[in-house]
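Shown here is one chain on its own, the form predicted alone, set out as structure tokens.
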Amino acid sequence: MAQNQSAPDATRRSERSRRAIYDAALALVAEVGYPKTTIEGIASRAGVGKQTIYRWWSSKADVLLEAFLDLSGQAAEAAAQDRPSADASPYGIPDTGDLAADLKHVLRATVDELRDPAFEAPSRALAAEGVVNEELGRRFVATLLEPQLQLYVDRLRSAQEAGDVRPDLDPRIALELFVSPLAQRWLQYTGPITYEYTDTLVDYALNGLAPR
């Protein structure tokens, strides 16, 4: 009987440790930047042994990228609760048949995420390091950014099939009409990040994407 109880207890301890490591890594990189973030520092802040981290991850980059995936997953699940459609999946852009409304909905959720201190500070730290650290930058894009962009590609392709967007457009390029300006404004502080701004980006983009 004791053996049957030990496995769940060990699982719960592992999950608590993993969660503490995620939180410590994100907090530390926000406070001191990526170069000064170390496995030792993460372990100390999380209250775990260094070997616990090395048992699960091989580098601080692996820890941070997984922590960001977890953070993004939590944000996606929270956004899904307010989704104006029957689509229950947290990972995707809703397809209600109204492309503008669907894009505005997901971009408003992105605005909330970008303005959330829990996401913004560590995200800026990693984004800044990715500019000068090519390997980290490529991993950041491949692991975190590209899967999110693919969701826009999928939604735009659906709109093409419905006749709402010109069939000759490349969705991967088209999505940059509203995603890239938002990212630039956020990274460079060139203007406020608001719902009104992202709604306008969608309106401008779709007016140019409408069938001829």
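These figures come from a predicted structure and were not determined experimentally. Residue positions are given as counts along the sequence shown, with the first one as 1.
A second form of this protein, the form predicted together with another copy of the chain, is not displayed here; the remarks below concern that form.
Not one of Y22, F68 and V153 places a heavy atom within 4.5 Å of another copy of the chain in the predicted bound form. Contact between E40 and another copy of the chain in the predicted bound form is not found at the 4.5 Å heavy atom cutoff.
Interface membership of E31, defined by any non-hydrogen atom within 4.5 Å of another copy of the chain in the predicted bound form, is ruled out. Another copy of the chain in the predicted bound form comes within 4.5 Å of no heavy atom belonging to W57. Contact between E161 and another copy of the chain in the predicted bound form is not found at the 4.5 Å heavy atom cutoff. Though another copy of the chain is absent from this view, in the predicted bound form it lies within 4.5 Å of a heavy atom of just one residue from V48, A27, L177, L144, which is L177. Contacts to another copy of the chain in the predicted bound form (heavy atom within 4.5 Å) from stretch 177-199: L177, F178, V179, S180, P181, A183, Q184, R185, L187, Q188, Y189, T190, Y197.
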